[in-house]
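Just one chain is shown here, as structure tokens, and it is the form predicted alone.
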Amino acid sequence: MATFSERQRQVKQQAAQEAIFDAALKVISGASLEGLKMQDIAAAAGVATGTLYNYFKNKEELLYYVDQRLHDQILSKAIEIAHAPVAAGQRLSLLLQEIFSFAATYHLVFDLAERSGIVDRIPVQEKQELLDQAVATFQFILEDGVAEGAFRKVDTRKTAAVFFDAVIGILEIQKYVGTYDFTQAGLDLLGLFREYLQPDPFMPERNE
């Protein structure tokens, strides 16, 4: 069992990490990779630069931490939405809104992490696990929709994978164009999938 002093140290470390994370988001959002300075992040977090280096040996390591924290946040929010006590169709809409809103808010951070080469250093297995979890979140909603009778019977795994690929495609296209306005593209995607998933009262259900 941890001693009182050890628990105090853990609480202090967690508080420092949260302050560093919040500060890093603010500083990174307004800096280039070359202009990003550890002392600026330390100052924004209210800690000494030496303290910051105790947690992260360089800005690339800090960027990796921030990038991973953001991905964990959006995945947790997606899971929360997937299990919300509302109809599947509404959850699908809420999930899209949350993903695109999150991407628009933090796109500068994600872009900087990508330009720094951090994304390329993430293990393939780690990337695949994140993708699998994301697809599973969509699949959970689709399965509920089928069970509710709100969606027609489909291969929920394949449909979720295609849906997620389409979301990633929109994110990449907007990044390429540089507008980061996902509103219309998100509405179009949701409309297409709602049409695809809509039960046809005049056609018998197929066994997918």
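These figures come from a predicted structure and were not determined experimentally. Counting begins at 1, following the sequence as shown.
Not on display, but discussed next: the form predicted in complex with the DNA.
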Does the 4.5 Å heavy atom contact test between Lys153 and the DNA in the predicted complex come out positive? no
Taking any heavy atom pair closer than or equal to 4.5 Å as contact, tell me whether Ile173 reaches the DNA in the predicted complex. no
Looking at the partner-bound form in the predicted complex, is Thr179 within 4.5 Å of the DNA by any heavy atom? no
Residue-level question: is Val167 within 4.5 Å of the DNA in the predicted complex, judged on heavy atoms? no
Of 139 to 147, 179 to 187, 58 to 66, 159 to 167, the segment with heavy atoms within 4.5 Å of the DNA in the predicted complex is residues 58 to 66
Partner contacts in the predicted complex for 46 to 80 (non-hydrogen atom within 4.5 angstroms of the DNA): Gly46, Val47, Ala48, Thr49, Gly50, Thr51, Tyr53, Asn54, Tyr55, Asn58, Lys59
